[in-house]
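Form predicted on its own, single chain, as structure tokens, below.
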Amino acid sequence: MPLNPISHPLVSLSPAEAAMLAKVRALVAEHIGPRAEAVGQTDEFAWDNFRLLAREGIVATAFPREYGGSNASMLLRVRIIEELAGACTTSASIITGTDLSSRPIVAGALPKIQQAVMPDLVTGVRQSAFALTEPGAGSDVARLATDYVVQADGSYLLNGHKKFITRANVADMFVAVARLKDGPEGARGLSAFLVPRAAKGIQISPIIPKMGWNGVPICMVDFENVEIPADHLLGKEGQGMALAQDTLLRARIGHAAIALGRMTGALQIATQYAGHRKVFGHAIGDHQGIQWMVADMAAQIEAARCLVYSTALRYDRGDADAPVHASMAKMHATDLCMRLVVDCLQLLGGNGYLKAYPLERFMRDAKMNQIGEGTSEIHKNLIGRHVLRMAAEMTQHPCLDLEPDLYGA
């Protein structure tokens, strides 16, 4: 089993899709990988990487064909993200972030709005940012407090505070989810809007420093009496939660793909180092203890790969259980990635702790995958409730007697 497979039994690509994946591999080998460390040193937006991925049509995989995109399957996108993440989290997150910030536009914007903005999003001339998270509402989207009112002319007035908004400082537009003021509580009161950056009343904070994921900065965004044209509503009023959920579903699969790619790359780095570095007259990899560590990691990565790929297949065919499988893939792959990157760094010894070697950067980046788009703990809640609900709906197990007569009475 190759460390980073070109083919896989769960992946069947058309010639065009295979060519796209080969292009991504070449970009990683020739451009993205060699400069990944430099990109990861500062948290300014990685314009060179973004423009390269846009120019080569990788960004376009998130968009419909009628606007210049390639409408790639989720399975192909997972493979693309995996390849990028094996060397550069920044580049992988550019692809997942484009999907996250644009999906509500693809799914809910009026045709005339799509015609106005989509071609530029496809080519990278313009960017959008997904303004969802707030100080009091992260994973619990139904508690969003940013609100809007409908004005007499049908336009909207938006007020609220958003935090941790990726690309906010470079975005040309925002997808903002807000609650109808004095409207229904919970998910029913949420709507989504496309908000031009040029609108009056938008304030964007300086870049917020963070541990890793450099090259894709985050900022706070304030909306103060921001007027939004009536035709900038995405979907219908009250559909904000549905648009957000589909967007987050795709993003969770993307996080799982990033984690899969990163731990695959980490294992490749660690094993190649182990074959080169000698201690006590022998390569590190000659020692049985190291071989057992590597064997465990390779088996666990392949199990995670099968879970992530099968989740992408479920999404592509519209499986109703795709959301819970996305939670499983996201939770399992990101938690595993954190553990395996630490173990891979350990194989490099003191060198692994140095910035001169890539696993220091890999370890800092790995933590974010466990937090973004729902923490691992949130996904455990979702999965646990689903499993218990399914068990209640099944016929009783033939070996189970819920009320055994323990005393022969």
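Since the structure is predicted, the reported quantities are computational estimates derived from the model, not experimental observations. Heads up: residue numbers just count along the shown sequence, starting at 1.
Not on display, but discussed next: the form predicted in complex with a small molecule.
Student: Just give me the single entry in Leu336, Ile218, Leu249, Val324 that has a non-hydrogen atom within 4.5 angstroms of the small molecule in the predicted bound form.
Tutor: Looking at the other structure, the residue within range turns out to be Ile218.
Student: Given that the small molecule is left out here, which of His287, Arg126, Arg143, Lys210 has a heavy atom within 4.5 Å of it in the predicted bound form?
Tutor: Only one listed residue qualifies here, and that residue is Lys210.
Student: 60-68, 350-358, 378-386, 337-345: which one contacts the small molecule in the predicted bound form at 4.5 Å, heavy atom to heavy atom?
Tutor: After filtering at 4.5 Å, what remains is 378-386.
Student: Taking heavy atoms and a 4.5 Å cut-off, does Thr133 contact the small molecule in the predicted bound form?
Tutor: Contact check for Thr133: yes, within 4.5 Å of the small molecule in the predicted bound form.
Student: Is Ile371 one of the residues lying within 4.5 Å of the small molecule in the predicted bound form, judged by heavy atom distances?
Tutor: The answer is yes: Ile371 has a heavy atom within 4.5 Å of the small molecule.
Student: Should Gly138 be counted as a contact of the small molecule in the predicted bound form, where contact means heavy atoms within 4.5 Å?
Tutor: Within the cut-off, so yes.
Student: Residue-level question: is Leu190 within 4.5 Å of the small molecule in the predicted bound form, judged on heavy atoms?
Tutor: Flag for Leu190 set to no.
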